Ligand SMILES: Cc1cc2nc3c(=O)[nH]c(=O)nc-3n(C[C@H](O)[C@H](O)[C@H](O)COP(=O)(O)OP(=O)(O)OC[C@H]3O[C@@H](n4cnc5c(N)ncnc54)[C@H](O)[C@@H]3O)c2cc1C
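Just the one chain here, the form predicted alone, laid out as structure tokens.
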């Protein structure tokens, strides 16, 4: 494969058809041209999975924002699943297991440092005993067990807890690592804002929509909305174990270069500017769990808008205009759980793309009349 290039352009829809020549001039005629819209953890992992699973294809990732300016870059990256009420538990567990196994292999390889993936141990604590003392993902993480009374003494306001080891996937390192894999397999990276998915026709045979909140406009999906998350990144190298309140609102996640303190859940709030009062509340709540954080320094504020939806959208849609058709695979709406299931859902999206490509390559049956 030819080495991939990172092209930046602000070409309009009419110019894009001519621009495709530099992408595809050396490709075999039966190459399936696939565009992935969105360059967060969902978009990039989907592009990698497509390049692995779909034979004879070219993959182009198109987005107006790349790392370090994506929502994924703000996320702490802890693999503790969010529950999707509309999705069967066995499917959620499959997605999580596939993601955990993928990242666990990286964590145990020479790539671990470059990819920003490592193991971290700690506690999830509750102020009242949860209905499910053993969550569905307990046998996927490592060493899951109920906390002892001695351990709980560290958290006098909490009556129940779970101890386990999971993975942390730091997107400021992981996203460039994924981009490197896309380029290494001959894929393309294109910086451009897409206003309408149809503008990618006829330059591409299949479009994969991983635009997150952008799907409000690109897919006309009014069900997706932002849940604003503000976090603090602090220097506290003595903090080595994660601490997560069972509600998921307050958490302390140590990483390779800083500790992430969270957080907020503000539905429908599009404000990307840090709020000083939010920061004070976050620090106060985290210090209540880990008093040594009063000594934390170099505090930085970060804000991201989680793409929430009643149910994750993972399905194929056939767009049609003037007798022309464009298959679109939608893959978005992960909310706060994207990093925990990104590889599992990307594999499923890649399978949907493979079905689209197979249908395009299969001749329509001839009429017997």
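Positions refer to the first chain, counted from 1. These numbers were taken from a predicted model, which means no experiment stands behind them.
We do not show the form predicted in complex with the named molecule, though everything after this point is about it.
J.: Would you kindly say which of 116, 77, 122, 187 lies with a heavy atom within 4.5 Å of the named molecule in the predicted complex?
T.: None of the other options qualify; the answer is 77.
J.: What is the one choice in 49, 329, 59, 39 with a heavy atom within 4.5 Å of the named molecule in the predicted complex?
T.: Among 49, 329, 59, 39, a heavy atom within 4.5 Å of the named molecule in the predicted complex occurs only for 39.
J.: Are 95, 208 and 315 jointly within 4.5 Å of the named molecule in the predicted complex, each by at least one heavy atom?
T.: Negative, none of the three is within 4.5 Å.
J.: For the interface check, one of 156-164, 200-208, 223-231, 284-292 should have non-hydrogen atoms within 4.5 Å of the named molecule in the predicted complex; which one?
T.: Looking at the other structure, the answer is 223-231.
J.: Is it the case that residue 307, even though its partner is missing from this view, gets within 4.5 Å of the named molecule in the predicted complex, heavy atoms only?
T.: Yes, residue 307 sits close enough to the named molecule in the predicted complex that at least one of its heavy atoms falls within 4.5 Å.
J.: With the partner left out of view, is residue 71 within 4.5 angstroms of the named molecule in the predicted complex by any non-hydrogen atom?
T.: Although the named molecule is absent here, residue 71 would touch it in the predicted complex, with heavy atoms inside 4.5 Å.
J.: With a 4.5 Å heavy atom cut-off, would you call residue 300 a contact of the named molecule in the predicted complex?
T.: No.
J.: With a cut-off of 4.5 Å between heavy atoms, is residue 338 one of the residues that contacts the named molecule in the predicted complex?
T.: Yes, contact at 4.5 Å.
J.: Residue by residue through 164-184, which ones have a non-hydrogen atom no more than 4.5 angstroms from the named molecule in the predicted complex?
T.: Read in sequence order, no residue approaches the named molecule (within 4.5 Å, in the predicted complex).
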